[in-house]
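Presented below, as structure tokens, is a lone chain in the form predicted alone.
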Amino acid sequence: MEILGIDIGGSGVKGALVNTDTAEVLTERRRISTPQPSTPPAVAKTVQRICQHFNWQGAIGCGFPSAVQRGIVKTAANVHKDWIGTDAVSLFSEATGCQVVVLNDADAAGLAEVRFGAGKGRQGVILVVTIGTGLGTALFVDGRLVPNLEMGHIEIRGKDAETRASDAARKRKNMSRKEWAGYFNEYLCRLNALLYPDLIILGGGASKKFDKFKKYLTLETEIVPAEFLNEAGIVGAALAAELKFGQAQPETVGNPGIV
């Protein structure tokens, strides 16, 4: 099944066509800078432009950097505050004329990794952490998603974790990989103490540099880079649309559903 996957981030909106049977990205990724200010109408226009770029009329999956409950945006850490309370599904559907599913962007990345990537075939508790403009988290228990974990915003030393340990924080403060890894390791240790995962998968843009900072991570828990790297959000968003509109069955082993 071919579906347009779109990954909406704080700095860029990216889309590509995905074969949801194989998780293969079928087209070159189209990226447009996230509009500033990132108001609902402006972002909806950007999603429309990506849809038009592919001349797309089928189902669309959108990963969004917020907690999303039944299509309604609940938080707005890295997008405009006007998003809170917005029906993102209706907004994007109206803008594109397509069926749309919207979910948290880290949840989307996690779906890709657990179904086809670094977590494929693994049982137990899997934590996915995406490292980019913010810190996204997704939790899976025996292959099933617990949605909207949003633990990038837990408090560490009196501050929101992602203001200290995201890749944007590293760039903003001009930190070396070693210096940044100290903050990120502290963050992972806190998550580990709260969730006791069997496996941690690191995704997002910074996952491409895993070899440069893995030696600074002190957890005994197994930590691996995401196999889809920065395309996980696009692939996972498409998979979420397949679950919503296609024939995929959430209870099937290796095909994550939602708890």
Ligand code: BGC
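The numbering used is simple: start at 1 and walk along the sequence shown. Model, not experiment: these values are computed from the prediction.
One more form of this protein exists, namely the form predicted together with the ligand; it is left out here, but the text below deals with it.
Contact check for residue 119: no non-hydrogen atom falls within 4.5 Å of the ligand in the predicted complex. None of the heavy atoms of residue 204 is located within 4.5 Å of the ligand in the predicted complex. When the ligand is considered in the predicted complex, residue 167 lies well away from it, no heavy atom lying within 4.5 Å. The closest non-hydrogen atom of residue 78 lies within 4.5 Å of the ligand in the predicted complex. Interface residue among 153, 177, 144, 74, judged by heavy atoms within 4.5 Å of the ligand in the predicted complex: 153. Stretch 135-143 is the answer when you ask which of 86-94, 177-185, 120-128, 135-143 has residues with heavy atoms within 4.5 Å of the ligand in the predicted complex. In sequence order, 104, 105, 106 are the residues of 85-123 having a heavy atom within 4.5 Å of the ligand in the predicted complex; the partner itself is omitted from this view.
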